[in-house]
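Next comes just one chain, in structure tokens: the form predicted on its own.
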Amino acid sequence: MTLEHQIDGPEDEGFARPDGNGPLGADLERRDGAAKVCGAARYAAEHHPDGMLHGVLVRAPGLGPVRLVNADEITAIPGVRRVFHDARMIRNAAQGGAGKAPVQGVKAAAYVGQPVALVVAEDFATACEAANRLRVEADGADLPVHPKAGEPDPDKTKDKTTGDFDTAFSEAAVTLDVTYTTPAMVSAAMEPHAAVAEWDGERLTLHGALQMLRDNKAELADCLGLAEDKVRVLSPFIGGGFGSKLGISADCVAAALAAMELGCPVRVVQSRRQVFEVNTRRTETSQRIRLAADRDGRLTAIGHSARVSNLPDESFSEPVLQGTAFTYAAPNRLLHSELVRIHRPAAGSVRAPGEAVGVTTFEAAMDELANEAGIDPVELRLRNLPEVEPGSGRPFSSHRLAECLTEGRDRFGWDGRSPEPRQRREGEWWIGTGMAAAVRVNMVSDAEARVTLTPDGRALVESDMTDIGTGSYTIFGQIAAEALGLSPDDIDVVLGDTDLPPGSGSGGSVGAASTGTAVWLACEEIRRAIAGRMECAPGNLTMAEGHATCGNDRRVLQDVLSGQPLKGHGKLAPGAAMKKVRQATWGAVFAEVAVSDVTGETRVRRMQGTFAAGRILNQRTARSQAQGGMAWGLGLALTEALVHDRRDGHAVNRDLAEYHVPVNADVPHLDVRLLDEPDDWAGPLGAKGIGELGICGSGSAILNAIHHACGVRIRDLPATPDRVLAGLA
């Protein structure tokens, strides 16, 4: 049996709900932590089946139709087994979602660095040498360019207007018209993309670094021309993904093709440079923001236009305006987005797609408006919070931005701050503070999970859901323990295998809430079975400390089970709730920085983030996610930029030596306050996503603090020392 639930509203469906007294929400350490620290957790590339061969991807040096010049010579090298140049290989990682097949075919290169061949050898050194010696020619003269390459794609241009923006803007007492740019970025996850494929003549088994296994299984089957039941994907541990591992990647398809052709296991691991060049990046953006307000700082008009890019034929367009649509009230609104087709690696989802760059620039513009209007930045935001979603009139499922702003302000010590910049100096360092709101859409995804209550009173949770370092193993154990009245130590959790029920996958911050709710539903099915055995209404059953109690009837679980296991299968669907209300998560971030008047260097001295993201399932893992997002916001503001050569589009800084992510010395103490707020519109758990919220607004808090410190307003990100120094000069 399967207990299915569709979230259509906040009504109580008769399910048990967490009462706040069990293990759910506790500050528990991650159950997979010790294995990772000690090296016992096996990642994709660490699988070494007998007879394994090694594959190395070879990539195009230019654009257009490609030709392998000396493939026969390479094949003749001792130890080389095959050179593959197969039409079923893929040109770039898939965006992922609903099992859609990625764009296939590598006979022509759409961007410099596109994988076009695979060299397979008996050892890794030979494979590397042979791949380096394989000569690839590309004839850019015959490149099948998009009809509107370099211009906005009319099919991807969107406009949304409310009221009369032009009139409101021209008549406003206070106006702002600024343009911000953000560079391309990459996920730069610690674990490189990797795959080990095995073919037994009937079924393909792939160990991969992948986030969305149910989709990845469908994508891989489509590429290979196999039925889905002939493909098994395993990914129990992932060393970060941040969107780059949402869809099937070139290494997975190439390894699978080689394994099926050669009849041997094949491993393909992307080098760090390949990780930067082959997989999806965040698009660069150009954003024009126009704000109009009355003398009291109440917004009368909001205009936000964004231009992004992607490869020809790719459907993804970064939703830059996603947060702008509902964060602040204004009767007159103009939102415009457009996508330009260019020949660079495909753009896709990178952590918090849309808000990461859209909220960052918009919140910096709000700081500029506060300065123009002479109003405290916190107060400006408080005066413009909407009662309902602007434009649609939909109610919010919950709205805690005001509490985040005020509690964060008090916790940071904002009051008493001089509004004027360049008021505090310590030696060569200008000291300043800044703040920003943080918002992120909340989404729910289809998800399934199975729970088995064993005769000895333990429980097993199973799903193909992944854990990309966010704490899925731990949280699902807590959920099952809460529902069944057990200790988290009595719960075993198995994840990352497509032979298990299909979870939501890790993407869009949907994992903990969606698959976690499926776990709760599976436990609810078990609870109902126990209630039936005890001749008790499910609503009157309580389970705690390994006992089931109904009225005066209290039994040890083992006695209720009588030597037989009980299984529950939970299945969640989003339902109509997402259309009835605006679901979002909220936050406020405050930062203090020091800016050198000599070098232009910015040092972040402290940050405080207050966040509301539904019911907090684990204080420790949620806090860690918020801190990780804040650190990412620091990188977005100060260091991160993927640079492409304008002549041919190749990535210039394609490794961690030149693409600068924040390191330990860059990140100060990150104080995080979590506001627990179960959202009844989010299902029986009341939980919402938190993994991407922390990045939204953190960068703008730092940019605003830079301006307050030294008077320099950086609108072309990141705020590197040369740009700050130019402003100081």
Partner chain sequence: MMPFDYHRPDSAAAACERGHGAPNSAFIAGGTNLLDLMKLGVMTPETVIDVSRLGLDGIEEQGEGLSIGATVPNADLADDPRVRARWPLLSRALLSGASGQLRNMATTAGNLLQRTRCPYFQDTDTPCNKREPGSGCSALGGEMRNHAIFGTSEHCVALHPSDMAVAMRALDAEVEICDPDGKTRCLDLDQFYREPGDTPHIETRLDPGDLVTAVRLPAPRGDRQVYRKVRDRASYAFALVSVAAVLRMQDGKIESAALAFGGVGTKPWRDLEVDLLLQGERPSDALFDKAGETLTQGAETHEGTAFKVPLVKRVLKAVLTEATQ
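Residue numbers count along the first chain shown, from 1. Keep in mind the model is a prediction, meaning the values are calculated, not measured.
Keep in mind the form predicted together with its partner chain is missing from the figure; the text below concerns it.
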{"query": "4.5 angstroms heavy atom contact with its partner chain in the predicted bound form for R59", "finding": "yes"}
{"query": "Residue contact check: K230 to its partner chain in the predicted bound form, 4.5 Å heavy atom", "finding": "no"}
{"query": "Exercise: C128 in contact with its partner chain in the predicted bound form, heavy atom 4.5 Å", "finding": "yes"}
{"query": "Contact label in the predicted bound form: P721 to its partner chain, heavy atom within 4.5 Å", "finding": "yes"}
{"query": "D645, D499, E387, E151 - the one with a heavy atom within 4.5 Å of its partner chain in the predicted bound form", "finding": "D645"}
{"query": "In the predicted bound form, the one of D410, E261, D597, D376 near its partner chain [non-hydrogen atom within 4.5 angstroms]", "finding": "D597"}
{"query": "H54, R81 and I238 all contacting its partner chain in the predicted bound form, non-hydrogen atom within 4.5 Å", "finding": "no"}
{"query": "Partner-facing stretch of 515-523, 551-559, 284-292, 120-128, counted where any non-hydrogen atom is within 4.5 angstroms of its partner chain in the predicted bound form", "finding": "120-128"}
{"query": "Partner contacts in the predicted bound form for 661-695 (non-hydrogen atom within 4.5 angstroms of its partner chain)", "finding": "V661, V663, A665, D666"}
